[in-house]
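Just the one chain here, laid out as structure tokens, in the form predicted alone.
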Amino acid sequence: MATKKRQTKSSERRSEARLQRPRVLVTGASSSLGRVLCRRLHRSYDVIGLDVRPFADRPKDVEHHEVDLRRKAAQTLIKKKKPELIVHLGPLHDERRSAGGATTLETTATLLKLVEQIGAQKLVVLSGAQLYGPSATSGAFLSEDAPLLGGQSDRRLADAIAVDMMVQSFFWKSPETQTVILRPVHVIGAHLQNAPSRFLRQRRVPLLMGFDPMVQLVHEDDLVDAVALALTPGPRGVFNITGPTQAPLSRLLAARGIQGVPLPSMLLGAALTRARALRLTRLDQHDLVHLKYSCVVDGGRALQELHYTPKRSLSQALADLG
């Protein structure tokens, strides 16, 4: 009898603790990174996913809604649920070809308005270190204060920069919400279908003849750790999220057993244009700059203020790609 009473009290304590868990809204929850994030966060939070795409294999306690954030139904839902915490996956982490442009800006503007209306405590936005832009003149280990120059040659990065700048303005306009912008380096992982992960899963890849840029990679689980740290009370501002080290592209390919095929710039550009027209690749001439120049960022601020340290080695990150 005493045992039953103890079990009942223990169950009641667990139920009470669960009722007290904060709610976190994850936009873009059905993207490959969004799925990884939801599976991690649901252990500590009541997770509400939002995406126009289904999330069939989600954990049972993750609440998912297939609706466009710009629609009235989504806005009514968010006002009703009033999540204390919000994680917004920016355009760099959405694999849809249609993502970007006016849709991305309108979605972000709508979300920021909702954050104000419901008085959310924390907003975490996933941007990217690619926004700094690789170039022949970029300095080594760029800080968060470096200008975002990646959009000069790539329209997609220009849209992502616009989102980043919009959220930075919100940071100063609404200090009552603790706003965090994370700019991770290239994210790779077994569950991701983004460009870096797909590139490093190939047997042969094109390279620009005469160039071997330094590359930074971060494991998907390390990025999720950074998001979890950003959701805790206190941190606010912009943070570069890095992996344990950087390495020349040639060394990364060798570690993966990938054969690089060096081609002159004009030939490679023409080949990519043709392959893209035939839907054989998502790469285009704008991506060539990443095969040519380095964009290496400094993660010191995340270490000091977020207490973030990558736990997975570069070798492990490459091995976990499968």
Partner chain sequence: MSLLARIKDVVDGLLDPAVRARIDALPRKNLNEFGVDPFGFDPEMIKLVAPFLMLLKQRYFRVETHGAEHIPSDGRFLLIGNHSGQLPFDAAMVGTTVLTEAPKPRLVRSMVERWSAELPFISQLFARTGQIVGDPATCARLLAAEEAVLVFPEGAKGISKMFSQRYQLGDFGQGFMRLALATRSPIVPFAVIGAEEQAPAIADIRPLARLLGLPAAPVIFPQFLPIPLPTHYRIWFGEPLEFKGSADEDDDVVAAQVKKVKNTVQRMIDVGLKKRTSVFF
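Positions refer to the first chain, counted from 1. Note that the structure is a prediction, hence the values are computed from the model and not measured.
There is another form of the same protein, the form predicted together with the partner chain; it is not shown, and what comes next is about it.
Novice: Given a 4.5 Å cut-off on heavy atoms, tell me which of 181-189, 78-86, 116-124, 208-216 is the interface stretch with the partner chain in the predicted bound form.
Specialist: That would be 208-216.
Novice: Can you pick the one in Q246, T177, T104, N194 that has a heavy atom within 4.5 Å of the partner chain in the predicted bound form?
Specialist: The residue from Q246, T177, T104, N194 that makes the contact is Q246.
Novice: Of the options R96, R236, R201, R251, which one has a non-hydrogen atom that comes within 4.5 Å of the partner chain in the predicted bound form?
Specialist: By the 4.5 Å heavy-atom cutoff, the listed residue in contact is R251.
Novice: Just to confirm, L318 within 4.5 Å of the partner chain in the predicted bound form by heavy atoms?
Specialist: Output for L318 is yes: heavy atoms within 4.5 Å of the partner chain.
Novice: Could you tell me if T309 has a non-hydrogen atom within 4.5 Å of the partner chain in the predicted bound form?
Specialist: Heavy-atom contact with the partner chain at 4.5 Å: absent for T309.
Novice: Would E305 show up as a contact with the partner chain in the predicted bound form if we use heavy atoms at 4.5 Å?
Specialist: E305: no contact with the partner chain in the predicted bound form.
Novice: Considering non-hydrogen atoms and a 4.5 Å limit, does the partner chain approach A136 in the predicted bound form?
Specialist: A136: yes, in contact with the partner chain in the predicted bound form.
Novice: Quick one: which residues from 158-191 get a non-hydrogen atom within 4.5 Å of the partner chain in the predicted bound form?
Specialist: The stretch 158-191, when checked against the partner chain in the predicted bound form, contributes no residue at the 4.5 Å heavy-atom cut-off.
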